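Okay, here we've got a single chain as structure tokens, the form predicted alone, with questions on binding and movement later.
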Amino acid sequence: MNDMRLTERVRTEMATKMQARGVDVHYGDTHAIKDVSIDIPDRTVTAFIGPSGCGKSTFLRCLNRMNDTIPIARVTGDITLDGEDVYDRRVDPVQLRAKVGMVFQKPNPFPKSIYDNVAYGPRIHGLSRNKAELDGIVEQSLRRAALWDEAKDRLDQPGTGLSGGQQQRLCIARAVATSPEVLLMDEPCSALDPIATGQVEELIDELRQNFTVVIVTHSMQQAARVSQRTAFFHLGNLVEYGETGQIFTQPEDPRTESYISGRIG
């Protein structure tokens, strides 16, 4: 019975949440992403690594159609969320981004109170019927972002008044407030000091209990610490993808080995 339970748990943990097949991205004449196919497992942290300009952030932005906001960007191929085509014409990108939230490189709280930063998404998506429900969503989101204890007595104060690390956790709280299924993080620690980075990394590990997390990071050490799966991008190609320990200790592609050992990038 225990073996059956373990097998079921592994199957649940590795269920595919998002899937990409044959994805290409062009910015005008520049071919930024070349024929990328990948399965992103549910409730797992997947890290995208690779040298600057290799396409990892461009591909991340495909997953919630952020490239739609760039006029010269053209995305082809198939990307699905739970089997549904996210580029289907009937899909509203705003609704998609409530399901596939995003945290950016630089903390970017709205020029509003801490409370209103977190309440913004639930308000525009009609996720609460009254003030008490909204209060509950704000508290739960701040707790999930490990910010409640620091912020609960200053909810009416500007989010921009928080420290850099707290601002980034506020942005994470804002992203999880719409109950997304997937959380995309584009180098979320690159503007933070080591202590704040450690706090966000601990938080990422906790978030995967409830969310599928995809993180772009320039730090291989960070990818090794926080992720279960790692994808290595180089010159717009997905070179190698697999279990994080295997990618870092026994990479199959010489380009991966060269990057990890510091010879390229």
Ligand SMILES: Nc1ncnc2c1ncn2[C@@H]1O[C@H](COP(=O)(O)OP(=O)(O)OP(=O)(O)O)[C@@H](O)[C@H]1O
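For every residue, the number given is its place in the sequence shown, counted from 1. Everything numeric in this text was worked out from a predicted model, so none of it was measured.
Another form exists, predicted in complex with the named molecule; not displayed. Remarks below refer to it.
Segments offered: 192-200, 64-72, 37-45, 206-214. Contacting the named molecule in the predicted complex at heavy atom distances within 4.5 Å is 64-72. Residue contact check for T30: one or more of its heavy atoms lie within 4.5 Å of the named molecule in the predicted complex. The named molecule is not drawn, but in the predicted complex it has a heavy atom within 4.5 Å of S52.
Within this chain, H218 lines the site of the named molecule in the predicted complex, having a heavy atom no more than 4.5 Å away. In the predicted complex, at least one heavy atom of T58 sits within 4.5 Å of the named molecule.
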